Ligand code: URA
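Let's start with one chain on its own, the form predicted alone, as structure tokens.
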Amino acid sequence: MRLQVFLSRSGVCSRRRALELIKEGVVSVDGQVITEASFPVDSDKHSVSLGRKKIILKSNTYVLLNKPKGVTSTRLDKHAKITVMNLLPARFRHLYPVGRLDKDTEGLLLLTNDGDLTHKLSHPKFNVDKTYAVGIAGRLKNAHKIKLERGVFLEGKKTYPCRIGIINMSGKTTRLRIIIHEGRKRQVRRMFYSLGYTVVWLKRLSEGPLNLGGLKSGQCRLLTNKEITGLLEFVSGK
């Protein structure tokens, strides 16, 4: 991995600060000062130091949770009866949620201590698709579908374009899937509400290359090595 990424993943500093430290000439690899942020580092072969302090790459953990409705997706909230931390085994409670799902939304939530990955999955500029299954009250008009896909204004700022697929329209509800790559507060609910629709249920099915699959509500699991490799390769191109 790049030297700048190595420093940020070790927990020493942010990516921006890592770049500054490298340019200042205080980072060395195998005793040689390196001033190029993209210098390739193999944590199994190279010794990286910041000044006289040897830097050890921390072990990253990646956990997939199927968050149930009614659970708050933060580490700590004095007003919440239950948070996602309460659903995790003790050995995973040092992890942080990647983005968040509002209390009434269920589905896929990734938790990790990989700060670089968290940044790339969370920031809209990296265009990471998030797929949701949605149920709304009433029948979605085609003109409104087109308007939502092109973007609607929420608090004076237009949402990014999205994709909507209609699954079923009955007399009282419309079932659909929506793909967005933003993570604004209660965004999907607010998008539909802006056109007069009420979201009656909402579930995140996928984020980037990760899929919820058959994971039951309230359960979590470690990502497989294949999933981790695919996820890191996915964000490396961002």
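When you see a residue number, it is the position in the sequence shown, counting from 1. Computed from a predicted model, the values in this text were never measured in an experiment.
Just so it is clear, the following notes concern the form predicted in complex with the named molecule, a form of the same protein that is not shown.
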Notebook entry, point to check: Just one of 77, 149, 102, 129 has a heavy atom within 4.5 angstroms of the named molecule in the predicted complex, so which one?
Noted result: 102
Next item on the list: Heavy atom within 4.5 Å of the named molecule in the predicted complex: which of 174, 206, 66, 187 fits that? Just give me the one.
Entry: 187
Checklist line | Per-stretch contact check against the named molecule in the predicted complex, the hit in 102-110, 77-85, 118-126, 162-170 (non-hydrogen atom, 4.5 angstroms) | finding: 102-110
Notebook entry, point to check: Would residue 202 count as a contact of the named molecule in the predicted complex, using a 4.5 angstroms cut-off between non-hydrogen atoms?
Noted result: yes
